[in-house]
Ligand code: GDP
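Only one chain comes next, encoded as structure tokens, the form predicted alone.
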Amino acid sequence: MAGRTIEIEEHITVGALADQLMIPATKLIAELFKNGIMATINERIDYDTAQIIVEELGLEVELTRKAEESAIPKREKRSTSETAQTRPPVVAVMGHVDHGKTSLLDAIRGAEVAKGEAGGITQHISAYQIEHGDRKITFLDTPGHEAFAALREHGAQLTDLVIIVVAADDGMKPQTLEAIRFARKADVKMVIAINKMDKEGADPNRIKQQLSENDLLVEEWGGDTVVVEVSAKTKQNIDKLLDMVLLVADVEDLRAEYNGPAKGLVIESHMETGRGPVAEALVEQGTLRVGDYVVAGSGYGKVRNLESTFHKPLKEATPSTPVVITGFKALPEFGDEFTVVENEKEARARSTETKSSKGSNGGLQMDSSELLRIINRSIELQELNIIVKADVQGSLTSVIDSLKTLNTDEVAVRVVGSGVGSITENDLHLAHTSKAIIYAFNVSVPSNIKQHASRDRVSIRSFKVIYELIDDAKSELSELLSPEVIETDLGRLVVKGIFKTTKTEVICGGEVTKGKLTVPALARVMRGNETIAEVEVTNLKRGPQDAKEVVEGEMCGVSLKTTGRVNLEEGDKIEFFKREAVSRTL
């Protein structure tokens, strides 16, 4: 292995890395464990962790990052002219789960969102604008749970500045480092908010040291990283944090065109009873007005209602403003760019163009790579068919992406259908014909749908917390794994005499030279080092009496069931063993 160079992606499963390094996965898992990382063979680790572990193992291997196109290409900053005006900064709040991101945002906007979040974690991106002094700041609250990496990356691409929240009593965590990487990748400024300063054990200097170890030297230590010590609970230094956000924004000199047709990005979408498709979007340039014709991906429509994310009606929205739009004829997708066009004819033409390039299957989404994998899948691969329905597009993306990380060479999740909104009869029909489980994430299940599902024996499983849904799917996949065959040696008999030989049976006698013989059991007939037959032991006799077991040093008779004639000879050894199938888990 000396001098080998291995190219890996930014994230790689433990099993795949072990294969690349040509070492047992158990050895890699043990080394990760020694470094405080509890990971299974199917879990992903990042490039930096992989590099550290390779060094710890002392392998003569050099890791390099594989050049890959990001699933979310970096979006170029909008060009501006001399008429461009100063706009509010767009700020993403990121950090490890439980470090108080949402609570900090609650303190900023005076709301109580965290209590309403399932499992106490943010499940999708939310955006809103606040006023500090006489200026506005737009905030994006991005999920902290590891299942939401795709949403966090989208969030970083939208923003001008990122607040990285770190708990003063807990320190830097893997998701903290991931948030820092996303911010660097998106080339946005960072402000570090050391939260929970009110808690016993708060140690801001430890955090500052950890930041310096990750090339973020704080201002008081001679660097340029802005750090503010805050408490969401006591509101300590919240105003100071907002002041620093605006100060960093001023240095960046953020500007946008206010005149002309609006453009921006869809950051969330869902179906709403009585309102149809609803999109949450961020205006990036121009001014969006009620009555404008808007195209977003394969969806288009006329803006019927325009609201702030606090549900306040708006007549227009300028750059950096998060808005809620109704009037789309089809649900736009999370991450779609939206553009205002002159009339409905142009809107329809553009959306049709996009729809043709994406393909359509009645609202149930399946990407081309998934379709190709189904066509070319190995016969040995066991698949779990599922349908995913979620409340919003962002959650749907995260659930499906998370489910796909469970795939192994033996078992895989096959998403036969997915969509936003409540479960429909079409979903039930598809589930029935494809023998799929329906996962309902944050969506209601109407009583008539429950009745039909019971009648058709379709399993609908509802979840509000993503990792509980993933655990359920993992359990289902584990049941598809072929059991592991375990063989246990019992004992050995040396043949001293042969009493009967037929095509299906051999009766012989001998001495037990090792272990304990029991019945029923399997056995291998050995001549020297060669196995000449595998047989089934049907009876043991100690003298004239049947025996259930015979121990080392005793003489006994043995009845063997064979599948063909076995010409046993004196001196042959019969090795007794048990063979069991043991269930495995992912």
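What you see is a predicted model, and the numbers here were worked out from it, not measured in a lab. Numbers follow the displayed sequence, beginning with 1.
Same protein, other form: the form predicted together with guanosine-5'-diphosphate (GDP), not shown, and the subject of what follows.
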| query | finding |
| --- | --- |
| The unique member of 98, 203, 401, 410 whose heavy atoms fall within 4.5 Å of guanosine-5'-diphosphate (GDP) in the model of the complex | 98 |
| Single option in 436, 396, 306, 232 placed near guanosine-5'-diphosphate (GDP) in the model of the complex, where near means a heavy atom within 4.5 Å | 232 |
| guanosine-5'-diphosphate (GDP) contact at residue 198 in the model of the complex, heavy atom, 4.5 Å | yes |
| In the model of the complex, residue 269 touching guanosine-5'-diphosphate (GDP) (heavy atom, 4.5 Å) | no |
| guanosine-5'-diphosphate (GDP) contact in the model of the complex: residue 103, any heavy atom under 4.5 Å | yes |
| Among 316-324, 436-444, 244-252, 189-197, the region lying within 4.5 Å of guanosine-5'-diphosphate (GDP) in the model of the complex by heavy atom distance | 189-197 |
